[in-house]
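Read the single chain below, which is given as structure tokens and is the form predicted alone.
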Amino acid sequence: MQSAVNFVRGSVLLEVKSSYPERFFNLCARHGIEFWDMTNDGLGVFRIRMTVKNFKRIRPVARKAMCRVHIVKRCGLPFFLNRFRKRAALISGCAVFCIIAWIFTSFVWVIDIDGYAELDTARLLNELSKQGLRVGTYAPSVEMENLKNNILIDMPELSYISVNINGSHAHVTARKRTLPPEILPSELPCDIISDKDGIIHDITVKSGTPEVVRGETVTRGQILASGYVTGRAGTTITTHADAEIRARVWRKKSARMPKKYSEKVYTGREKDLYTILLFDNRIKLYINSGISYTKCDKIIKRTDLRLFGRYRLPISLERATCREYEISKASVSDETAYDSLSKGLMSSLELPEDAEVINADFITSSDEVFAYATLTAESIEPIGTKREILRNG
């Protein structure tokens, strides 16, 4: 802390030559002149460091002590700034730069969107623009609450949106609205019908009349539990059928995979192309944009210019690395192809959340061109959906 204080107020390193150094020290103490970092550089020669204020008081003391004092080094902020006292253009340039940088960081230059796969990014950007958030917008003028509320109204498919502005960077997060499944009101009479083919594994009817039993084969659209209930007196009434039903369901999927394929082999030759991005403009730093490579991959790396390491400016440097490759023919064994096909078929099964796969059989074959696989998967899963009973029967 003391070092920082000394840097701000400035200090000088002095060389003092005296035959009677103790007299010099005593006079400094008597006049309240403080110094530090004293070193002995030889007989009658020593160095001390003191503030500029105390240095202005040292000459009468030095004369009285019959010492010779001269400055070895000037340190601190006052001496640093004094170098630029006559450089008005440099000082003005620094001031203008700070003002421009402050102005730049008050506007939004970059808008990033963190959404989901089905999000229409172009539409969201258009809605943000309608609400006043676009590239070049003065950040403090954006009313966040109104913006978010209006976008949720105009885009009902969104359940959540947030906008965070950090300097010149606006980060938008959008989440999809998940509509709940349609649930019939409990006062409406309904049947439970099968929504897939299978064999009943277990059934528990809470209300209504069961129409199937364990081990019975059912087809899609068949009634599993009826909403008609017959009482002891023989009268029939309708109710809201409710039941937990699980069935054994089979799914069959097939796929094929080529045994011969082409792969990339990189030659080791590559070329870097640099481009400056200024707002929506691209300034190429190379004369000829053509690449002599017949086949190549282009890897783009973008570096954004930031002020003080935090505020993002609308200037970026883009480096495109072009890596040359050649196409080589390769082949895969039947065993490797079968393993890949099996994993792919298993991952492609569209099972309900509560489903349990109890058996999976694979049938594989191959010819000179393709490897084939067929998956037959057996699972135990919930079955049945509710259908309203119409009053006219």
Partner chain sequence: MQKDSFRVRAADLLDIPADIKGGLLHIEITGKREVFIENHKGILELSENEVTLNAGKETVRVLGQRLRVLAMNNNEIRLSGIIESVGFVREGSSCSQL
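If you're wondering where the values come from, they're calculated on a predicted model, not measured in any experiment. Positions refer to the first chain, counted from 1. Definition used throughout: the rigid core is the maximal C-alpha set that superposes within 1.5 Å between two forms.
Separately, the form predicted together with its partner chain exists; it is not shown, and the next lines address it.
Contact here is defined as any heavy atom lying within 4.5 Å of its partner chain in the model of the complex, and by that definition not a single one of F97, W102 and W109 is a contact residue. This chain lacks the partner; the member of F55, Y338, F35, Y325 within 4.5 angstroms of its partner chain in the model of the complex by a non-hydrogen atom is F35. A heavy atom within 4.5 Å of its partner chain in the model of the complex is found for one listed residue only; from N26, S333, T364, S342, this is N26. Listed stretches are 39-47, 66-74, 325-333, 343-351; the contact stretch with its partner chain in the model of the complex is 39-47, by a heavy atom cutoff of 4.5 Å.
At the 4.5 Å threshold, heavy atoms of F370 stay clear of its partner chain in the model of the complex, well away from it. Residues of 370-389 are not found to place any heavy atom within 4.5 Å of its partner chain in the model of the complex. After superposition on the rigid core, the Cα of I380 moves by less than 2 Å between this form and the one not shown. After superposition on the rigid core, the Cα of N26 moves by 2 Å or more between this form and the one not shown. Taking the rigid core as fixed, one finds a CA shift for F46 of 2 Å or more between this form and the one not shown.
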